[in-house]
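The form predicted alone is given below as one chain in structure tokens.
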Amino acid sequence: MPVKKSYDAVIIGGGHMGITLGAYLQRAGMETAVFERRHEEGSAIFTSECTAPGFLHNLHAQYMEFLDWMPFYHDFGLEKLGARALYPKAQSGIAFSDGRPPIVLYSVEKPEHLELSRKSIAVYSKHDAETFVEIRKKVESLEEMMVERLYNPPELPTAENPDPDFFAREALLEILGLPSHYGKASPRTVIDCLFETPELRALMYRKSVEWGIPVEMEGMGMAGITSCFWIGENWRLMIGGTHTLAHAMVMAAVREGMDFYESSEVVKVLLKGKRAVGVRLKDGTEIEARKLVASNADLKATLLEMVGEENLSPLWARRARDFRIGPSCVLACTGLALHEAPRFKSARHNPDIDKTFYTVVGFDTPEEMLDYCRDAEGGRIPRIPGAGIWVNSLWDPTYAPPGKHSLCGWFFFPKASTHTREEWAEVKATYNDRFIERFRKWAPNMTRENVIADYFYTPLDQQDEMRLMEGDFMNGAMAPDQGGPSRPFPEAAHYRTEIEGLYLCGPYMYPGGGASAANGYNAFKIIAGDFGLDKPWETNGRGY
């Protein structure tokens, strides 16, 4: 399609946050276009046949924890456009190399599922089982409050309320019946105070890190609780691959009249004085933005390169330079095409571990999990090649040829910049062998002969392909000073920039990464107020 030279709104980057913002703007009456560097939209929400034909692997976004609440999913009818999901009963678990009983945590779809979680934990500790169930039930009662926090811009500090996050955190902890100091503690401290069982602690450490929460970082206790008790048992599997969600989002936006341009990299935000008036593509094409430009691209690239440091105030230039990326949210991923699904030694106690959606493999103790995290955050390739794995073909046969299975798994790894390209090439060529050798101690059938083909996706690959800088899926460190109303930094927390008409909507914005579509939706709320657009959240009866 020939490039139109003028739009009301221009979106830089076709990740799902940018698609979300653009679709709502188009529906609100703004003529909108997305310009995407790659050959397709969706960024990290994609599916690949990277191992062998017919084997599907979600190399980045894997589980969909927000579908029940995601405004875009419901407002645009994505299920009718092919974005359909399964909700596996056994949600997360951990197996052990000596074959002792696994711990399996189940969905909250039915009350009896929570009782199964209680029974699984009680094998080790009745106290821990009761504690987990009690907190999980209370978290369920808070769901509406937590969703409204997710799908609204963060409350900004005022003279009367200089730390709005503090009061919200205190209120949540009080309702949960937990001490207020847990909010200032690290997730590890909270987990250790709540649970006495080493096996459960190891699983919970990993679940904290799973959503990018550094397990030993002070001040992240509430975020760890959210990750372990709310998001952790809401994981959905997209039927046919996560790319079905991205494709449905694009189709919904096109149906609204929005335009998409692939292989169209934006290199410059065009300014008139201190106002954004358009963009320039890598091939020199210039597109006018009559009302606004919004960026889903990397924060530093947007401000320091596309806008240009010379066009920023000293404060904004310093804030952009100082914004930290990684190390706790940095991923590598494995893809294995298998003859057989893993059969765990621990399954003799509870066969559900063989059909658990997300299974932690390679760690027998919480100390091993901590050493693994410390390696990754310290810039070292983890000496323990353990992972969290999904065998999606167990639930959806479209992921693999008949009778075969498709496995993918996440490793938390050092930042891309900690190693050279040559060193990453060596990791890419050898780390799966290390993982499979260790995996066999947990599941004896996981031999090299069981693997038809394999693929390893490094943090550098993710930076190169998806522009997840350093391989960080949040595109910005999760830390107390870079969260809530301080994400990415206080002056930019409401999605506006100091450049008039330039907005931000990427994963470095509140509430962070993950396939929530919240950043794009919240940016739309701010823009709707700035431009006098209709506010559908005021009339949809949803509360957000």
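Start at 1 with the first residue shown and count on from there. Here the structure is a predicted model, which is why all the values come from computation and not from measurement.
If you look for the form predicted together with a small molecule, you will not find it shown, but the lines that follow are about it.
In plain terms, the part of the chain that comes close to the small molecule in the predicted bound form, with a heavy atom within 4.5 Å, is 471-479 out of 495-503, 471-479, 23-31, 49-57. A heavy atom within 4.5 Å of the small molecule in the predicted bound form is found for one listed residue only; from Phe344, Trp410, Phe456, Tyr106, this is Trp410. With the partner removed from view, the residue among Ser92, Thr226, Gln462, Ser393 that has a non-hydrogen atom within 4.5 Å of the small molecule in the predicted bound form turns out to be Gln462. The closest heavy atom approach of Gly42 to the small molecule in the predicted bound form falls within 4.5 Å. When the small molecule is considered in the predicted bound form, Gly483 lies well away from it, no heavy atom lying within 4.5 Å. The small molecule in the predicted bound form is not approached by Tyr510, whose heavy atoms all lie more than 4.5 angstroms from it. Looking at Met220, you'd find every heavy atom of it more than 4.5 angstroms from the small molecule in the predicted bound form.
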